[in-house]
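Coming up is one lone chain in structure tokens, specifically the form predicted on its own.
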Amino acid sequence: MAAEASKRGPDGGANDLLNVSCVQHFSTGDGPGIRTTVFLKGCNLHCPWCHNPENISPLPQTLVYPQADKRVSYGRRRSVDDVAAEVLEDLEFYGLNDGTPAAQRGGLTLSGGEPLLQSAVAAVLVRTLEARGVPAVIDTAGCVRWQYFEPFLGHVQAFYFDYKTGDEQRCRELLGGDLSLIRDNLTRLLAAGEPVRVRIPLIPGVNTDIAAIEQICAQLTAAGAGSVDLLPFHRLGSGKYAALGIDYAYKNTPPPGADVIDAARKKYEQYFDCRVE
């Protein structure tokens, strides 16, 4: 799946429209400052713990919540100008003209799904907003060809780069990804001097034991990473699976305990600037 998707054109099959899942205003967890997060639909991975399952398929979907008598639809083709106009509605909240340091300003976050599957059109959005002084964060799993990154180089506030496992077989079989491709992209981004924060979801049974952490640390050190963010697993997206009518593989998996999180933090701190979100 990942290999097939990575061979498609960097616009993900839409030459002039973005496949938008939804837009979240006043977000404070998708980058510095107050942000407008545009979630793009479609992902070439299938992480079984994903808390945004409505963004995996590129097709429109409706989540049905019978108890609340509510239906929520995701997935609509929108023009760059249309999306940019919505992002600019929040312009006054981004801290662009109040002396806030550039690295701490709010702005646009492109998330998903995998936003880089729509690279060509997404880059037009990023540059359109950049011209208005609005910076962008790209939230990516990095499992795409390098050409998908190229339109953004030198034009983003940061790349938030997910790194889920250091085990090639687990990456391939559990996630549907190509670890060598992910590692190469991370290495190239860092070598190019791009601002990168590596984000590691702490998933019980996948990457929280010391051996798995050491493996990831060795790979991130070789890639040139200097910082990591740890994101403890949670089940806040479980209701979405039920609303989609699909089984949630991690519905009975408890979040990592404080002792597990603390042990992981201490290990990562031996190599990197580390924070727990």
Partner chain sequence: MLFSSQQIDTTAGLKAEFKNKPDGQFRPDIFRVSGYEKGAADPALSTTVRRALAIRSLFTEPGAYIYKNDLIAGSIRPMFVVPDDAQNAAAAKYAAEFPERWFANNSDHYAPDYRTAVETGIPGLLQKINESKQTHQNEPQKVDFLDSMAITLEALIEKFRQYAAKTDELLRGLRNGDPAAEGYDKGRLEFIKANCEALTRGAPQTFAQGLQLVWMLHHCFVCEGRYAMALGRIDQYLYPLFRADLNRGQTTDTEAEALLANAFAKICETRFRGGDDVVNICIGGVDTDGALAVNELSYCTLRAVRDVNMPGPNLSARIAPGTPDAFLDECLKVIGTGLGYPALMNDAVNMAALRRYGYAEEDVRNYCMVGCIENFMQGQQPPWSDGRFDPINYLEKLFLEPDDDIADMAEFMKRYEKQLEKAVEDYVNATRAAAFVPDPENQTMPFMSCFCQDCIDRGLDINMGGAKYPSVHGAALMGVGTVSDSLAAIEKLVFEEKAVTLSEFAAALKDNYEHYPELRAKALAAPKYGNNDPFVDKYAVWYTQYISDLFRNYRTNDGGGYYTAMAANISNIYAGAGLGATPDGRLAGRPLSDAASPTYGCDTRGVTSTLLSVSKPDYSNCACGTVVNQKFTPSAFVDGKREKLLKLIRVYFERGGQEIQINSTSRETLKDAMEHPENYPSLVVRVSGFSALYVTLAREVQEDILSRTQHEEL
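Since we're looking at a predicted model, the values are computed, not measured. Positions refer to the first chain, counted from 1.
Heads up, the form predicted together with its partner chain isn't pictured, but that's what we're talking about next.
Trainee: Any chance residue 25 has a heavy atom within 4.5 Å of its partner chain in the predicted bound form?
Mentor: Residue 25: yes, in contact with its partner chain in the predicted bound form.
Trainee: Is there a heavy atom of residue 39 lying 4.5 Å or less from a heavy atom of its partner chain in the predicted bound form?
Mentor: Answer yes; at least one heavy atom of residue 39 falls within 4.5 Å of its partner chain in the predicted bound form.
Trainee: Hey, in the predicted bound form, is residue 212 touching its partner chain, heavy atoms inside 4.5 Å?
Mentor: No.
Trainee: Contact between residue 68 and its partner chain in the predicted bound form at 4.5 Å, heavy atoms?
Mentor: Answer yes; at least one heavy atom of residue 68 falls within 4.5 Å of its partner chain in the predicted bound form.
Trainee: Have a look at 130, 86, 150, 184 for me and say which one sits with a heavy atom within 4.5 Å of its partner chain in the predicted bound form.
Mentor: Here the answer is residue option 86.
Trainee: Considering its partner chain in the predicted bound form, which of 227, 219, 52, 57 comes within 4.5 Å of it through any heavy atom?
Mentor: Exactly one residue meets the criterion: 52.
Trainee: Counting any heavy atom within 4.5 Å as contact, can you tell me which stretch out of 247 to 255, 40 to 48, 204 to 212, 219 to 227 lines its partner chain in the predicted bound form?
Mentor: Answer to the contact question: 247 to 255.
Trainee: 189, 195 and 273 - do all three of these have some heavy atom no more than 4.5 Å from its partner chain in the predicted bound form?
Mentor: No, because 189, 195 and 273 lack any heavy atom that approaches its partner chain to within 4.5 Å in the predicted bound form.
Trainee: Out of 93 to 111, which residues reach within 4.5 Å of its partner chain in the predicted bound form, heavy atoms considered?
Mentor: 93, 95, 98, in sequence order.
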